[in-house]
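Next up: a single chain in structure tokens, the form predicted alone.
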């Protein structure tokens, strides 16, 4: 079978692919020039919806409601949008071999595709407990959340196990967001994680204490400092219990595991230069091979603001890096120059009635300000990170749109921190003055 040729191929069908397609359309891509090849069965969608609105008992998010680019307030790109723009959406197609020398991609079914320019947007995959040989980790009703199929299976289990017991393994993003979603569904929820507090990669102990207290008030049990070492299941293969390293055994009808992800770079091992676990790129997301770009979770790129090289797993970077790469491709074709990527790290989360945003770098000393009492009717508090006398990171729970804009500006401008006691007293007022 003859290879199908495209001028541009986006490999991967996640958030970055959708935003790249929109940028290509803005830049005037011609019909038939661009293909998106995705192993998922649906057009690109906003992945954060899966751990937020998708699991709500009422008014749950469903496709086509959260196709890209609604997550950033843009037009929703339904499958027919791609057809109208002459962009070929090749779905349910897993690529198992990539050869950057011959510019060829080969699918599991043996179909081949060639390209002039490749944009790698393969994203991440979840780390599974079965990868570490955890006993019983292949039982039914042990869930991971990455794709819409995963979310559909979890929704079915929530409905089948009404008022049942759920155990969440992991205390990061997924653990906290799903802990909230399962509790809202009236499940009896226990969270288990090895660290001394939740979300340790970002939260300080002071920030974490609020969320742990708030979750406890909502009836969620938290077990820290231990890990799941095995699972029991019944004759049907359904999970019944989680065995912990400290000897405790937790009854479970549903288990959700959120212990991190890893970038999907295996197709390009030995072909492209890698660094810090990702594919090394420059400020235009060009890799070590001309005509090959990498965006989103898989890209390790220069963080101009900190004169550093980093890899960022977050939807905001997936969107912005995709747009930057396409602008760079078009500029290169037209002999023009564009600015290098100048990214301000941004993370956010919503759970229960809570909503926080973080900007910048979580290094150095910290101050905690505001009302962080988990029992408050409307808690509002934040934190500043101070390095070399400057504020380099900002966090705010319960902020208004203006206040969130203000903390973003602080993280970008990095103003002098001054006296830390005074900074604590001023709190959000400090950010609003910058």
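Positions refer to the first chain, counted from 1. Everything numeric in this text was worked out from a predicted model, so none of it was measured.
This next part talks about the form predicted together with a small molecule, which is not shown.
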Spot the stretch among 72-80, 324-332, 300-308, 167-175 with residues whose non-hydrogen atoms come within 4.5 Å of the small molecule in the predicted complex.
167-175
Contact assignment for the small molecule in the predicted complex, among 261, 86, 364, 206, heavy atom within 4.5 Å
261
With the partner omitted here, the residue among 342, 232, 275, 313 that in the predicted complex has a heavy atom within 4.5 Å of the small molecule is 313
Are any of the heavy atoms in residue 201 no more than 4.5 Å from a heavy atom of the small molecule in the predicted complex?
yes
Closest heavy atom of residue 146 to the small molecule in the predicted complex, within 4.5 Å or not?
yes
Should residue 210 be counted as a contact of the small molecule in the predicted complex, where contact means heavy atoms within 4.5 Å?
no
Against the small molecule in the predicted complex, would residue 283 count as a contact residue? Criterion: heavy atoms within 4.5 Å.
no
